[in-house]
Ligand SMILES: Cc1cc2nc3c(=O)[nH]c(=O)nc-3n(C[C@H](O)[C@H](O)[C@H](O)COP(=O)(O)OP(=O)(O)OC[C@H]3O[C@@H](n4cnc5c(N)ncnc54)[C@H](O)[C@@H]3O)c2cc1C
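Presented as structure tokens, the chain that follows is alone, the form predicted alone.
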């Protein structure tokens, strides 16, 4: 079940010359962004992950790119300022995947939580409480002060009860008022990750990324890696190791022969609902609210579905993270609090997912009070290892670029090198050359209708999926005989083949969970999974037995981790 020759080429090159400047362990967003940053500086750097790219904590986000307004109450002004700046940068650098999103807060009290912030500063309060209108107003004014500097999104607006209910008639009439401010959404974060990887490999011949490659041992100068698809272990000799394994950081350090307790992650779970009435009630906006215990819940329009999240629960082993029935019940009760006329049941859930935030180890009894900021913990060379390990603790999806730049600067300094390129205003993948208005978009599509002879609507679909990278996909599709999938006409056989060929797909679940939204949006059926398996298998040279095994493997993952049952018996071919 090997991918194309590109993977074999990387492995053979490393066998011939195992010496590398930097080894990055963990291909979540922080590891991937650091990989890209270092590659743009012309460095030789190897990125590995024990599973697929962006398949751990980074795949379990709330799909929001946000400044973290609630962190203001904890006094994390630097974090909010950085996150707002990075949110604005992403809106400009990745406009194909990151979109502005109005966020509305329904408010049920006027003065609740007024003294939370000063009491927290004095160390006299550690328990969150529901925030009232006055506290939220102060927070939004501070938030606007950061937002206004770049002017990328509008400042907040305020509406009292009567006006709010006119705009959102199904909202709970017990509200006092609503506040609306702007952040951003990222419907397909995994696709942004794969684009960052492909850009890195294109930028430097020495930049190489391998999924399904596990760290199994180390000696004083070397790290031993195990390829899931072969019996042979691979030995590499790095000058610096970056541990970007997220909630698995201490596990990765253990594989390197070190015992650490750097991370104390918390679990965040989400539901995806197929509920047209609720989707309509949201009016294209996110609703962001809290319970009396101060716990945050959000409702987010994800394509034609509704994303609901998130919890914040301690967990010891990130591999055990699953959305529980207790969490489901909590989310559904909170929806009822905000939209009491809308009935949502378990039967409306088409997908669940859960991940673990790589937060710093903390003794705080309130998980919401643990800092979401990022930092680098350095393990210097010593008796066991000749190379330093930079452990990346914390971080947010929104601020990945700034964190990766900070990490890269440390690496460059240690290796005596200078920064060649800044990523701050560098477009990402399909955001490069992205049309800034409808006229430019229409002109681009018209040109490619003539170039490829594909129907205009087909090109619009590809453009919405891949941004300006749609040109590469369309060219590949147009170069051969193509046909729509029998079970999902919005995709075609050659489009799927392109993804397998160009985007490092090794397993069927890589495609349905991370190169597309097919699973998350509840669009998979047994028949579609079989059809996709046949196409992927043809591209990767799977036997009939291997193709059946991939279908069963993917069905088992969907059932175990996402509560999706396709009725495929894993015991029968």
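All of these numbers come straight from a predicted model, not from anything done at the bench. Residue numbers count along the first chain shown, from 1.
Keep in mind the form predicted together with this ligand is missing from the figure; the text below concerns it.
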Exercise for review: Answer yes or no: in the predicted complex, does this ligand come within 4.5 Å of a heavy atom in every one of 25, 29 and 50?
Suggested key: yes
Check your understanding: Hey, of 524 to 532, 541 to 549, 511 to 519, 61 to 69, which bit sits against this ligand in the predicted complex at 4.5 Å between non-hydrogen atoms?
Key -> 61 to 69
Check your understanding: Considering 270, 208, 305, 401, which brings a non-hydrogen atom within 4.5 Å of this ligand in the predicted complex?
Key -> 270
Exercise for review: Go through 197, 80, 94, 215 and name the one with a heavy atom inside 4.5 Å of this ligand in the predicted complex.
Suggested key: 215
Review point. Residue 104 near this ligand in the predicted complex, any heavy atom under 4.5 Å?
Key: no
Check your understanding: Any chance residue 247 has a heavy atom within 4.5 Å of this ligand in the predicted complex?
Key -> yes
Check your understanding: Would residue 55 count as a contact of this ligand in the predicted complex, using a 4.5 angstroms cut-off between non-hydrogen atoms?
Key -> yes
Review point. Would residue 397 sit within 4.5 Å of this ligand in the predicted complex, counting heavy atoms only?
Key: yes
